[in-house]
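Single chain ahead, written as structure tokens, the form predicted on its own.
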């Protein structure tokens, strides 16, 4: 059976036409699914009964199986299993006046950042477009909440799974799909230069928000904590970001994980400001205090050091925000809930 979330509107119209059915029926199906969150073909009452039966036998509306969810005061973490047995995490985050969904694009990750729990097991495989979309849809139907923001900051490197990411983004932002604002969809990357160039040439993808993990102002230090820097040099990455075609009033977010005694000194902040240089209006900096993980050798800086780092950037005219991670009480670090489940299964 074919996953329904693997089709764009044009593809579904072709698919429905091949069944000898008027193509406008595809639009009705998409309306039920993405506007109302109705995934049961039998409940799509404006479709003929015989068509509903055909759809039930040909298509599935769930690509993932929900294993468990853990709720906290400001976040709910969902753990899914893929059809081939892999575990995938998704986090629904409660903001002041809306919800944000943190979505995964891969099982594991090949980038190898030394501060990230997801990197420990390496990359298992890419998620398909329907598996990416299904994370949103299952949270939507389970909670009754339609998240306004989507951030691709879950498991994996989104730009290493470009085609599936792009197809999912088309479904997220299209009027026939979930119809989210492009201003509210963020693609986060560790800085794969060739894929950022590809994104810059893509009319759909370049209109989304771009967030890039920097984490160090020097090439050698960044290589130590982000090995992909060896083939994606920091100076070349920054030059690419400085010419990235931004929509009006939009900025690139530079993500900076603050790790105690590694990259958190006032001098690091001053050198980060030099890296940005005269392009202050093009960037904003998100400082993310490191979330300790028992499997990793790092710790979080004290609060006074975090705010001192921020102050150095503010004094140099750079918009800088401290982002304390929500969902720590539901194993908020990437990979933690998955790791706990795998431990339970192996035990």
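Numbering follows the first chain given and starts at 1. What you are looking at is a predicted structure, and each value in this text was computed from that prediction instead of being measured.
The form predicted together with a small molecule is left out here; the points below concern that form.
Using a 4.5 Å heavy atom cut-off, which residue among 188, 76, 195, 141 comes into contact with the small molecule in the model of the complex? Spelling it out, the residue with a heavy atom inside the cut-off is 188.
Scan 288, 313, 306, 51 and let me know which has any heavy atom within 4.5 Å of the small molecule in the model of the complex. Only one listed residue qualifies here, and that residue is 288.
is_contact(residue 130, the small molecule) in the model of the complex, heavy atom dist at most 4.5 Å: The answer is no: residue 130 has no heavy atom within 4.5 Å of the small molecule.
Flag residue 241 as yes or no: does it have a non-hydrogen atom within 4.5 angstroms of any non-hydrogen atom of the small molecule in the model of the complex? Taking the distances in the model of the complex, the answer for residue 241 is no, it never comes within 4.5 Å of the small molecule.
Do residue 172 and the small molecule share at least one heavy atom pair within 4.5 Å in the model of the complex? No, no contact at 4.5 Å.
Is there a heavy atom of residue 89 lying 4.5 Å or less from a heavy atom of the small molecule in the model of the complex? No, residue 89 stays farther than 4.5 Å from the small molecule in the model of the complex.
In the model of the complex, which of the stretches 272 to 280, 130 to 138, 112 to 120, 68 to 76 has residues with heavy atoms within 4.5 Å of the small molecule? Partner-contacting stretch among the options: 112 to 120.
In the model of the complex, does each of 153, 156 and 255 have a heavy atom within 4.5 Å of the small molecule? Answer is yes for this spot.
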